[in-house]
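Single chain ahead, by itself, as structure tokens, in the form predicted alone.
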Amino acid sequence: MKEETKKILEKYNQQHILEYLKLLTEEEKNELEKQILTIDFEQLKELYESTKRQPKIEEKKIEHIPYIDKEKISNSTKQELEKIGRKIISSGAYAVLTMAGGQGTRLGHIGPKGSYAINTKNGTKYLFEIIIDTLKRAKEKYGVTIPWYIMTSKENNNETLEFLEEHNYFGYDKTKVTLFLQGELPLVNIEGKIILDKEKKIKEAANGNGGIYKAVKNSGLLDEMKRDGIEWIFISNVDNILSNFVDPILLGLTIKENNKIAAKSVAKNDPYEKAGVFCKMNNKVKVIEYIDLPSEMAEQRDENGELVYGELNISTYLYNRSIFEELAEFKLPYHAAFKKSAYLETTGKIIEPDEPNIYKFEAFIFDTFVKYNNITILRVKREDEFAPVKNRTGVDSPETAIKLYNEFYKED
């Protein structure tokens, strides 16, 4: 290993990595060195130090955020908005981006989450297939094949590509499908030391959906969007099987309100539903997690009996392309999670811990909203647009999602 690399490890108190060299072939040593030279150790040091600091108590002025209820828009206004949105979509300036970097572990599935299958009234459907079904319907309606971007991770990119190839992209034009990689950050243990995995490489994990901005630029996808004349991009998770991601009314409303970002929400089921809600914090757009919302605010209702802080974030967003240009270098806050992770000992033994032993760092896509005074919020009906497949049983499980899906498509 070069002296330059050793000095980097020494500077950031990571010399323990040198002890692994005795386990590695020359090729493995070269790969490890390449990986070391790509890591921002200064950032990693700061992230680790942040786990030891008490969070700063800042004054927070939390307020209700205005929204438009889709069900209450008049027919004439709907027609006006749809006309605006339809024109953009039909012109080929609209794309769909699916965040699909995760595995189906929580569902008991081995492989990318998008390759998980559910049994619907229309037969067995994979999550990716359900997305393509919607894209196909949009093609019939708008006369254009909408570009589909899929954000994968190093963990599942190859499997995702193989799965789509094996199924011939479920009949969608593969030239309109682009996969790109989410960023990663090393895991560190409670002493701030990076760890190695069974492949004898530094163990990394996806850096959260907030990494999307930099990933779009670094992958070359932003240049591809410009080349193809894409102006608007709808983003949602792979696991929401009712995501209405080709919605001319949302697009028309966002343009009419002169905003560059929009999001869909659903009304909270109850004040203590465990999910983030949209609000204004210190006059900026914010998603506040349920644990951070004081109970008196969570329960507060307006004159119509509706929750004042009741706009549930369902992770469906619409962006003007210029936002990716603005935010590619934006410094997002990272959130640390203490988790369990297997690691390689210097003896060559793989250790499977019984308790959490490492910090994983993630950024959230919505943490950039604080840069903006306003975004468009469109409240939609939960039963029409929100059926996530996250847990093996119970809430947000295949059982609950399939029930909503079958009810929505009962006329098909």
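Just so you know, these numbers come straight off a predicted model, no measurement behind them. Residue numbers here begin at 1 and follow the sequence given.
Another form, the form predicted together with uridine 5'-triphosphate, is not on view; read the next lines as being about it.
None of 249-257, 96-104, 217-225, 297-305 except one has non-hydrogen atoms within 4.5 angstroms of uridine 5'-triphosphate in the model of the complex; the exception is 96-104. In the model of the complex, uridine 5'-triphosphate sits within 4.5 Å of a heavy atom belonging to residue 239. In the model of the complex, residue 362 approaches uridine 5'-triphosphate with a heavy atom inside 4.5 Å. At the 4.5 Å threshold, heavy atoms of residue 209 reach uridine 5'-triphosphate in the model of the complex. Although the partner is absent here, residue 243 is not a contact residue: none of its heavy atoms lies within 4.5 angstroms of uridine 5'-triphosphate in the model of the complex. For the three marked residues, 151, 182 and 390, a heavy atom of each sits within 4.5 Å of uridine 5'-triphosphate in the model of the complex. Screening 113, 125, 268, 203 for any heavy atom within 4.5 Å of uridine 5'-triphosphate in the model of the complex leaves a single hit, 113.
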